[in-house]
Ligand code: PA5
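First comes one chain, alone, set out as structure tokens in the form predicted on its own.
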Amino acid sequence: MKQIELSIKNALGTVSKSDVDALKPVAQQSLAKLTDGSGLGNDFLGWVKLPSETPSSLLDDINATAASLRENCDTVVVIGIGGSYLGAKAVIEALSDSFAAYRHDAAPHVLFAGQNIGEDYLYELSDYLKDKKFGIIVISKSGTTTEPAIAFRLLKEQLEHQLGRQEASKRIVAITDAKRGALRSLADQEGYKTYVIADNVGGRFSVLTPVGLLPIAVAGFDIHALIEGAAAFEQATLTGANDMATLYAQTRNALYRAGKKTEILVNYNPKLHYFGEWWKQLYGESEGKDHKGIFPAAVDNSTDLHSMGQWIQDGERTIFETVLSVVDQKHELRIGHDEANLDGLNFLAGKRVDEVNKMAELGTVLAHVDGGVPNIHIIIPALTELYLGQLIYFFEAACGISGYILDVNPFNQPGVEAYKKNMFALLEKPGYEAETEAIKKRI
């Protein structure tokens, strides 16, 4: 089996190999903490051996549920926020036809809700669904997280109005806690098909659980291959046969200690846009604590070379880049010859578009490295379920290792609650009377 690869050679002008190697002992100790559960946040390590421990029977059951939704729905709305939608969105976008949403033969369309509180977004979604045969996958441990709870209340009511309560229940799948919470109670009461979000797997590490696997299967992709790729990478990482995760964690922390405070994940394939969004949540929520942590950003090149490219080339030298490079494309398209040559492109005649794209990538890497921006390089053989499974596990493992090197708990998110407390106080939620009174005095 081919594997994704890592190169740090374009980072070694800013930090030396000895700087990176100096972090190897702590990186290996951090990996050991993940495997033996001796580190901070050890009650959220269920993802570490998840791929290899996922039974084939569960994948088959998920595929059966997905087949039922595909047969009965032309649209499936996935309701969730944060890790409850970003992983699935990232994989689906990476594997889908770029114009699937406009193709009538690409049913069912997988849409997302509950990731925002946009009134126009929810109204327009509801309006779009009026004449659609739609189903719902609702994802929430508690069932009370504000954004998805609002979306689910609205869409459940609409589905029940269109089909009747009993029929609607057959098109709703709940992915939630095994025993507790409002969504579990409702699912049991209404007879929804359910899958469990394990207590020891946090949302941003949940893409390889039913949270991500069911929407991905509904979209028509091979979840067995996704898990196979992740499991192979898990085995290689945990046994030390592959040191990509530790080396990446070492390198980015060496760069951080050298004053590089922002990491930019760069892709040259538009299908990877949402992979960058998933990565930003994974690293931002895991490392941004105790006034520490590398700031995760992302750009889509060559598009952003005409906007952010200027800042990256000539701005403050506190950044480094991690470049995702996809070797093989699904399709081949060559540039033709034009007699008039008014656009001056005949020098490219006969070349594949991807060859031009790869030269843009290489030229940009050289320019940025020359401009003082170190680069880490991740090579992906192709955008397939197998390699995406590898990539997901690689980034998850490296994130845990990197967080421990940074000496934070990579598996909690205490800062997320601050805005919620203020929002509930401003909305005068019962139980927040004192907070409401205090915040009104501030404003």
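Residues carry their position along the shown sequence, with the first being 1. Predicted, not measured: the structure shown is a model, and the values here were computed from it.
Beyond the structure shown, there is the form predicted in complex with the ligand, which is absent from this document and is the topic of what follows.
Comment: 279-287 is the region of 279-287, 320-328, 301-309, 116-124 lying near the ligand in the predicted complex, near meaning a non-hydrogen atom within 4.5 Å.
Using a 4.5 angstroms limit between non-hydrogen atoms, residue 262 is distant from the ligand in the predicted complex. Contact between residue 252 and the ligand in the predicted complex is not found at the 4.5 Å heavy atom cutoff. The ligand is not drawn, but in the predicted complex it has no heavy atom within 4.5 Å of residue 54.
Although the partner is absent here, residue 82 lies within 4.5 Å of the ligand in the predicted complex, judged by heavy atoms. Though the ligand is absent from this view, in the predicted complex it lies within 4.5 Å of a heavy atom of just one residue from 413, 375, 384, 65, which is 413. When the ligand is considered in the predicted complex, only one residue from 357, 185, 142, 96 comes within 4.5 Å through any heavy atom, namely 142.
Contacts of stretch 191-213 with the ligand in the predicted complex, defined by any heavy atom lying within 4.5 Å, are made by 203, 204, listed in sequence order.
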